[in-house]
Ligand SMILES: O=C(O)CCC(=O)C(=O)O
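To begin, one chain is listed below as C-alpha cells, in the form predicted on its own.
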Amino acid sequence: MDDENGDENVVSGFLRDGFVKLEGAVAPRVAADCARLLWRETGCDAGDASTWTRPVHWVGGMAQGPFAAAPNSPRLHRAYDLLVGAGRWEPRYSLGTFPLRFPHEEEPDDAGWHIEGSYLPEGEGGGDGWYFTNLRSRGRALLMLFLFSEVGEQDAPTRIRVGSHLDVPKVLEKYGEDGASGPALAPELVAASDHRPLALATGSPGDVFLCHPFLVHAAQPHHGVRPRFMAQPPLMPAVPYELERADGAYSPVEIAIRRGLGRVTPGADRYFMA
C-alpha cells in the first residue's frame, strides 16, 4: 500500500469483498509482545496444553504499550484514511475484546452469523448482551481483526461471507435511525447473505483484517492444535457516516452502504465490475 496502485487495490478489494487483509500491518516485535501479555492474562502455560482448560478465554480491553502501538502503524493509519476518510475516525490506544480460542473437547455455542452492534438506544438496558446497529453504522467506523498468533484453517479462524456487506443495508433500512439488535437481525442477515462465498480470516501474527461494519461473519470451534489469539476492536468514528453528501465526498464504507440500497455513487461503479 505504498503507492497509488496499492491504494486502489485496497479500496477496490474492500468495496467488492467487504474486507481487506493487510499482511504484517503490525510490527513483529509488537505482535509478539501482545501475545506474551495475552498469555499472561489467560493464566495458561503456552508450553503445557494440560493448562488449556477452557475453549475460549475472553480478555477485555488491554492498553499496555504494545496494544497502544498495534493499531497505530503508519500503514494502518493510511488504510483508515482510505476506507473511512481522513479526519473521520478516532485514534485507538488500546485493543479489546479478545476471544482467545483454544483446542478443547468442549465446543462453545457462539458460532452464529452476525454483524457487530455498537450502541444501546435510550431505554434499552442491554440485558440480553446484544448491542444495536443502524443503517449509518452508528458508533462503528470499521470492524478490525488483529491476529496475534498463526491462524490456519483448523485454528478457529473467523468465517466471513464475502460481499455480504452489500446485503445488509436493505435489511437495516426498515429499522430506521433506531436500528435493531443482533437477535432481531440475525435471521434476516443469514437469509440475505446465504448465497455468498466463504472466506476464512487466516494469517500470521501482525496481519490485520479491516472489515466493513456490515460484513456478516461468525466464529467457529477450534479443531487445530495451537491457540488462536485475535483482537476484534472497532475503529470508532469521529463523525457519523452520511448517505447523502452534497459534495459527493463519500468514503468507501458509505459507497458500499449506498450500493446495497441501490443508490448510484458517481465514479464508484468501476470498483464493482467483474
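Note that the structure is a prediction, hence the values are computed from the model and not measured. Numbering starts at 1 and follows the sequence shown.
Keep in mind that the form predicted in complex with the ligand is not shown, yet the notes after this line are about it.
- The ligand is not shown here, and in the predicted bound form it never comes within 4.5 Å of any heavy atom of residue 62.
- For the chain shown alone, residue 42 is not a contact residue for the ligand in the predicted bound form, no non-hydrogen atom being within 4.5 angstroms.
- When the ligand is considered in the predicted bound form, residue 219 lines it closely, a heavy atom lying within 4.5 Å.
- In the predicted bound form, the ligand sits within 4.5 Å of a heavy atom of residue 230.
- The three residues 99, 116 and 158 all sit with a heavy atom within 4.5 Å of the ligand in the predicted bound form.
- Stretch-level contact check against the ligand in the predicted bound form with heavy atoms at 4.5 Å: of 46 to 54, 29 to 37, 222 to 230, 242 to 250, the positive one is 222 to 230.
- Residues from 171 to 196 do not approach the ligand in the predicted bound form: none has a non-hydrogen atom within 4.5 Å of it.
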